[in-house]
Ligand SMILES: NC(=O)c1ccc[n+]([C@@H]2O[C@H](COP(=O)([O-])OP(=O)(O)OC[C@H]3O[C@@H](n4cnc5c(N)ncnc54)[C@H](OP(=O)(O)O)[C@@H]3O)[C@@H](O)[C@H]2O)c1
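The chain below stands alone and is given in structure tokens; this is the form predicted alone.
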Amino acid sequence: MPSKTTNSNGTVLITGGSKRIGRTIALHLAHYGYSIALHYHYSRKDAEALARIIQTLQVRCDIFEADLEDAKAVASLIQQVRKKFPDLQSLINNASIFEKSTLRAGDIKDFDQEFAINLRAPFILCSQFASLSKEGTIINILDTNVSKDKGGHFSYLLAKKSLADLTRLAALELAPEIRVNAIAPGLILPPESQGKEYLDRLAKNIPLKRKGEPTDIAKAVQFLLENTYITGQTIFVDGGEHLK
């Protein structure tokens, strides 16, 4: 973990920030002086525990609950954050669900849930952020498979591909005041139903022959936050997986 700096870099809202990659992003940015607005839904205990850790770094952190399937709750989230953090500078749309699905099965309930969390919520948050912020940065977390047409998770991948398009369209519309970019992770963390060996096995088939770490995503997030001449881009943090 890097040494903490006391310089304030404004506040970052991270959706799904209490666990997994979101947690690592929050801790990493906190060490670099960013105040953290931590969104969660079910994981209140995890969010509270992480907030306490971040606060020991002498960095501001508060938690915000919202059901990302509820459009009204999503629409009010940016306003809630800005009341406590008027210096809100950045939005990271990290929250996601990842469920198996096929077009043939045509499960509308699963489709609606995947699109509500993986696309509609980021759309609403981007819109609200742009309406209420004079300037800032938005980063959407995608998936390396947006570069492919891969079966098994039809609704998830369709939503993530749409989020990639949203990134480019938003970057064009919101410039120059707001920059919009994306990160497409590869083999970083296994699904919750799988163990470490699952990624080790898959990693044998990608160019760098190894899995990545959550800190690789956090470093890419920091790069996009701090390089002010980049917008409309997707960084593939995937060991070259998208090349195959």
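Predicted model, so just to flag it, every value in this text is computed and none were measured. Numbers follow the displayed sequence, beginning with 1.
Heads up, the form predicted together with the ligand isn't pictured, but that's what we're talking about next.
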Thr137, Thr167, Ser96, Ser155: which sits within 4.5 Å of the ligand in the model of the complex by any heavy atom?
Ser96
Heavy atom within 4.5 Å of the ligand in the model of the complex: which of Leu202, Leu189, Ala51, Leu27 fits that? Just give me the one.
Leu189
Does His41 make contact with the ligand in the model of the complex, using a 4.5 Å heavy atom cut-off?
yes
Is there any non-hydrogen atom of Ser18 lying within 4.5 Å of the ligand in the model of the complex?
yes
Going by a heavy atom distance of 4.5 Å, is Leu91 a contact of the ligand in the model of the complex?
no
Taking any heavy atom pair closer than or equal to 4.5 Å as contact, tell me whether Cys126 reaches the ligand in the model of the complex.
no
Among 51-59, 30-38, 174-182, 64-72, the stretch whose residues bring a heavy atom within 4.5 Å of the ligand in the model of the complex is 64-72
Does any residue in 117-153 get within 4.5 Å of the ligand in the model of the complex, counting heavy atoms only, and if so which ones?
Ile117, Ile141, Leu142, Asp143
